[in-house]
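Let's start with one chain on its own, the form predicted alone, as structure tokens.
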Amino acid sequence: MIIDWKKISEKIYEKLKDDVSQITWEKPTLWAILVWENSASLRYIRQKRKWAEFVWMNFELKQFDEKVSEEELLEFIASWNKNRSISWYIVQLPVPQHINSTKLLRTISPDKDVDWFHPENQWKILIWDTSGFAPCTPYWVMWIFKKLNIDLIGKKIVVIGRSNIVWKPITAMLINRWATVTCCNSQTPDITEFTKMSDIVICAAWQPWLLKLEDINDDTIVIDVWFTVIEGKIYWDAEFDNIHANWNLITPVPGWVWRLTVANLLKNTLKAYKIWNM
């Protein structure tokens, strides 16, 4: 059975639109910095502009040539940190190889980091501190569990992947909800050993068809976060057709992933706006 996260996202966007409509002075603006014009980055920027404008927020893009020096980019970010008229912003990743992305993300003010990339916001998840901004993709995964009335206490959950922006924060958030979490990745000798015993599997590995029907049981819920494009063809992390045909609950990708991730980016933007202006 398909988990209809499109319907879930629609409710989030309508709530955001209602909240923004009640602001009687200048509307929030999502500011973005783009350095590298690769197809994925441009696709993300278009989605962020589209949905920001849908909820009546403004969207402003500062674009740099990909040959910009690391020093110049860091100086510009530092200037935005000091600029009182810019209360929050994002830096669209990836950036060119000559720019140290770790150094870049550490330069962003944690109080303006609505993309949840600064280490100060990341470590707050580990200590159950909800005062910072929420990680955008992991947040909607948790939102799905809430909307489906899935009690996570004691659930056996396998998270496949090892990224800083999905795998690590979702693992911490699940542990904070008293789930029993096992972390696997592409180097795990026998992932099936763990997924076969799981109540929920979350795929965030960016590896085509990593999770197959024979790797899970009939009651396993599958949350597939991402996909890979090979020679123009889309491959999901999970073998969607067979798992769906078996009536397991599963999220479809692509398309709706972005819609929910961007929804939570805009929720963070509105939160930052209220912190700085109310």
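Numbering starts at 1 and follows the sequence shown. The shown structure was predicted, so the numbers you read here are calculated from the model rather than taken from an experiment.
In what follows, reference is made to the form predicted in complex with a small molecule, a form of this protein that is not presented.
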Quick one: find which of 72-80, 172-180, 143-151, 111-119 has residues within 4.5 Å of the small molecule in the model of the complex by heavy atom distance.
111-119
From L93, I86, L104, I191: within 4.5 Å of the small molecule in the model of the complex by heavy atoms is L93
The unique member of Y44, W56, F227, F59 whose heavy atoms fall within 4.5 Å of the small molecule in the model of the complex:
Y44
Taking heavy atoms and a 4.5 Å cut-off, does N264 contact the small molecule in the model of the complex?
no
